[in-house]
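This document starts with one chain, in the form predicted on its own, laid out as structure tokens.
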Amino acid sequence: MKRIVSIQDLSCIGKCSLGVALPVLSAMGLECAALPTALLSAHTAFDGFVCRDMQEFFRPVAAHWRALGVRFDAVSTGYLGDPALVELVQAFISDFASPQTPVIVDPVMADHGRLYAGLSPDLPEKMKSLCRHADILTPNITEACLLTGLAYRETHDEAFVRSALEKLLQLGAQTAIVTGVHMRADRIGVAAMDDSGEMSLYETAYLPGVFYGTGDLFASVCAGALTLGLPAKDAAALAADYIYDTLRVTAADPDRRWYGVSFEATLPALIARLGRALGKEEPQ
């Protein structure tokens, strides 16, 4: 069984970050190790949430894993929040990722054209240095614009998306996958490009509304599929279909959207799709 480590925060209430990555990656047939960067009483859309920074925990955990000789088949990073954590994660990648270990970076820091509340304006520039260590980047449109200097837009054409992908690859990654692409009003897409320069676009129907944790869910499925050997465009399509299925279920129970999308209900469909994509009945 392949082992992946997920480096991001853990919200005790609200399905996002590690609360999504652990069950989804495990269901996909991977051993998922967790390295929390922060502990939150609830995700940040809840008023009055309590947060504890875990930087001092990060260092001894990494040291213990080095002493144990732990190795990973993939490294996945999500919300970091503090520019100082970027340096810790870069050191972790240097210690634990060989040239054959895919490093998947989801530069979680912004949406809807702006940084998340409470984040340092220095974070995007710092995040660029982490992108140089990545094999695969999975930003949303806002994060792609912050990383590349492109002006944020609500709607997109092929030239804009291609420019964003090309500029992301210039940061050092081999593959860039951008979510939240709106080329048509009733569709939402995910675009991917590798170092060959070929761009792919995969679209699903657009379901309007605010759904917490969808980016983390997409990144988790993508990271798992890539670790299991799917090509980037196939991993992106798999994740996009799963998000669409999950949002349809979540939308039927609007009160649940506050706590996060109902990914548990659609996991069986994800595993079935993954098995077909891998040419197996079940992922190994």
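What you see is a predicted model, and the numbers here were worked out from it, not measured in a lab. From 1 onward, residues are counted along the sequence shown.
If you look for the form predicted in complex with a small molecule, you will not find it shown, but the lines that follow are about it.
> With the small molecule left out of view, which of L165, V108, V190, L146 would have a heavy atom within 4.5 Å of it in the predicted complex?
The option sitting close enough to the partner is V108.
> Pick from 89-97, 120-128, 154-162, 208-216: which stretch has a heavy atom within 4.5 Å of the small molecule in the predicted complex?
Only one stretch passes the 4.5 Å heavy-atom test: 208-216.
> Within a 4.5 Å heavy atom cut-off, is L40 in contact with the small molecule in the predicted complex?
Close contact exists here: in the predicted complex, L40 approaches the small molecule to within 4.5 Å, heavy atoms only.
> Check A21 for me: does it contact the small molecule in the predicted complex (non-hydrogen atoms, 4.5 angstroms)?
No, A21 stays farther than 4.5 Å from the small molecule in the predicted complex.
> Can we say T138, I141 and T179 each have a non-hydrogen atom within 4.5 Å of the small molecule in the predicted complex?
No residue of the spot touches the small molecule in the predicted complex.
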